[in-house]
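Taking the form predicted alone, here's one chain by itself in structure tokens.
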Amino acid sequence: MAPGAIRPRDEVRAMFDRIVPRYDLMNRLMTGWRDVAWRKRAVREALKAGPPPALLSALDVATGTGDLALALRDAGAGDVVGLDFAPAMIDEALRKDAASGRLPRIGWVEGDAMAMPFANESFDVVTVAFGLRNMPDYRAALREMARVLRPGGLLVCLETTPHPWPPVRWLVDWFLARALPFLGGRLAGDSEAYAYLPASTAAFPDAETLGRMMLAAGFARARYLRLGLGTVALHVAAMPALEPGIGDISA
């Protein structure tokens, strides 16, 4: 079987719909507010996709409550779409977008990351933050992201990754396995959902393996940077660019 999410799609979607009211707060608490800085770094990488920011078309996959899509828009990206399969998440993203008062508004789409409702080569950049590990087939999900990217386009991916030093990895695993479900139960009323996080993290490929999977999915090159004291990886992968002259018609 291809590596993918440790729970069935419908269970994962129902879980995310349940935790919307405390989702953003829990993200801040369990990262010490560092998730905001990580998204800013991801946005900086995304804006390197080629076109000027005002002409950049960006798709944020597994957008959740829309934080990364909103950050892309606020940084100047002119055409941003956020896609998620959980309707309550999309509703919250819509609410946050409207409350921001910022223009242009983002296109929010309820849809499946494994079969996205977009034509081939629709976007200059695709982003995904802590959502790939919830998809049923990581390789197929990466191929689908590659499909909607234009030649030379970028995939920017934030994900958890095992710490390379065993003592630190043990401490992180302990926190995720013990403290996080407790916090989730007290603050979000759903310890089961926050027990899923450490389990899904433990089953997810490490940063080096994920980079190789991106190359196998059709990306020409991939690089990554460790963040969060080594527990988070920011991957940037590029689609092959067209050879000069291909498709040109000379007079």
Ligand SMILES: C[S@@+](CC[C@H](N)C(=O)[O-])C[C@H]1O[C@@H](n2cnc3c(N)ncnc32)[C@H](O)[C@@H]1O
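So that there is no doubt, residue numbering starts at 1 and follows the sequence shown. The model shown is predicted, which means the values in this text are computed figures rather than measured ones.
The protein also exists as the form predicted in complex with the named molecule; that form is not presented, and the subsequent description refers to it.
Not one of V80, W108 and V126 is positioned with any heavy atom within 4.5 Å of the named molecule in the predicted bound form. Just one of L149, A71, M89, L180 comes within 4.5 Å of the named molecule in the predicted bound form, counting any heavy atom, and that one is M89. Proximity to the named molecule in the predicted bound form, defined as a heavy atom within 4.5 Å, holds among L176, L154, L142, A113 only for A113. Stretch 60 to 68 is the contacting one of 180 to 188, 207 to 215, 222 to 230, 60 to 68, since its residues have non-hydrogen atoms within 4.5 Å of the named molecule in the predicted bound form. Residue contact with the named molecule in the predicted bound form: T161 places no heavy atom within 4.5 Å of it. Under a 4.5 angstroms non-hydrogen atom cutoff, the named molecule in the predicted bound form has M135 among its neighbouring residues. Although the partner is absent here, V12 lies within 4.5 Å of the named molecule in the predicted bound form, judged by heavy atoms.
At the 4.5 Å threshold, heavy atoms of N27 reach the named molecule in the predicted bound form. Along 6 to 41, residues V12, F16, Y23, N27, R39 each place a heavy atom within 4.5 Å of the named molecule in the predicted bound form.
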